[in-house]
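Shown below, as structure tokens, is a lone chain in the form predicted on its own; questions about how it binds or moves come after it.
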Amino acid sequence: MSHWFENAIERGEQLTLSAQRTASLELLKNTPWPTRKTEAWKYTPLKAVQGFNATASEVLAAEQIEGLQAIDVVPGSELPTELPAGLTMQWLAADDVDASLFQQVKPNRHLFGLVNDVLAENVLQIRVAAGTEVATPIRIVQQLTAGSETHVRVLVEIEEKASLTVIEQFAGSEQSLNTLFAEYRIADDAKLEHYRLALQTEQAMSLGGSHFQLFDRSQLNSNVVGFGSDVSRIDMDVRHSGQHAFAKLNAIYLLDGKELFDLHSTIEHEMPNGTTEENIRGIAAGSARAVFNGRIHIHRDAQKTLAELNNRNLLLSNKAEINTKPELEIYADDVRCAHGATIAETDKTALYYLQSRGIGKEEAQIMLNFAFINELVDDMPNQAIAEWLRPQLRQRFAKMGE
């Protein structure tokens, strides 16, 4: 049993919790600490979490994204007073949140999601009124100081024919732990543009998730960029609860040294005529380890579903490790579904070609690596974010394999 896990349960027992959070605490008590025999954690050891002792809970603002005009939100800080018409935001205590919102989209199978249910000290509730198009993105930013531990919850309601962009951004390298979980309900004909920039490194541990529920004709465009750390895990769930809903998920992860990054995604097609496009690309160097588990579940009534999952990976070292497991579970008979995964090394012919044209080996390697993931960067709807990321990715590539 983990010292940290036992402490988390003890802290929960000392709190006065709502019925929902009490149910999560009981589930937590009956959930064994993951080991290498636990399928969902088979390739993701939690030794760094086991011995973590929090000494603070200070959250700083991450660096600005050049060229991006956004509404910045730092957990624990005051919210902006002037907001676009139709947009409301407020911080609430977890027990003051409407029971029909809290824990309604996130499944209860996520261990650290249960921890977040119990220990959430800040709940950010965001609502976009029907018919409102909020042009300015909301950027939720976290950079934890040494010894900090935070459990933040984000609840987002996008009402009919409304649209919103949300950026979940993480940074920092000092020993810390966060479990930010976000739940999104996207109503009929509504749109969400979503980014999770998990750019924490070294000892900054992050174990959170983003979870989405789509209704009739709603649209989701989600983009994930992840660097590795001692432990970096993202759980994503998408529920197609309406007809003709569309979900697009793109993810990039870049790892070096002894870093770990783990992405688990589950797509639930519950209704007919839904579409999912999922593209995941990863590069690992040094002794880094990447984990991807992508599951698409087509329910019996989800006829006319179109779902595609593709995971491509590049190994830059014979010590790096990538574990990928795409899954299709289909119970409807009139669907078009496909999945695939590849793991390869750098194309030595292409590398030689660039070098023969006078390009140094290091620069040639960077060019090939960037070409591998650039399609997904180009595909980001917000070009300010894409332009801000490109030099950071190049700098990351330059350090990989040193």
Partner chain sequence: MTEQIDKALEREYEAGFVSEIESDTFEPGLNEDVVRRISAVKGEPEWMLEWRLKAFRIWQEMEEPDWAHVGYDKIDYQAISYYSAPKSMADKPKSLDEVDPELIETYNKLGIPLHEQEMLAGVAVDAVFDSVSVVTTFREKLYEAGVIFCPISEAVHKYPELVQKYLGSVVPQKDNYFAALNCAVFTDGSFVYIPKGVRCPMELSTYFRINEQNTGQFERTLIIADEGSHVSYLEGCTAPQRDENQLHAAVVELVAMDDAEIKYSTVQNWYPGDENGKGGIYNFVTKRGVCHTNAKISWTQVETGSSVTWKYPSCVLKGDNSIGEFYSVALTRGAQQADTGTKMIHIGKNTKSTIISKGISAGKSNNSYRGLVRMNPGADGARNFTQCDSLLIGDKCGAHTFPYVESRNPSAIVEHEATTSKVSDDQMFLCQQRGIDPEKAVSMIVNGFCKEVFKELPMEFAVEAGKLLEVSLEGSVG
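Note that the structure is a prediction, hence the values are computed from the model and not measured. Numbering follows the first chain given and starts at 1.
Omitted here: the form predicted in complex with its partner chain. The next part is about that form.
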Checklist outcome for this item: Within 4.5 Å of its partner chain in the model of the complex by heavy atoms, the stretch out of 317-325, 265-273, 146-154, 128-136 is 317-325
Checklist entry - Using a 4.5 Å cut on heavy atoms, which of E345, E63, E26, E66 is close to its partner chain in the model of the complex? => result E345
Checklist outcome for this item: None of Q104, Q303, Q243, N122 but one has a heavy atom within 4.5 Å of its partner chain in the model of the complex; the exception is Q303
Item to check | Contact label in the model of the complex: A48 to its partner chain, heavy atom within 4.5 Å | outcome: no
Next on the checklist: E78 versus its partner chain, in the model of the complex: is there a non-hydrogen atom within 4.5 Å?
Outcome noted: no
Checklist entry - Does A56 reach its partner chain in the model of the complex if we count a contact as any heavy atom within 4.5 Å? => result no
Checklist entry - Is A332 close enough to its partner chain in the model of the complex to count, meaning some heavy atom within 4.5 Å? => result yes
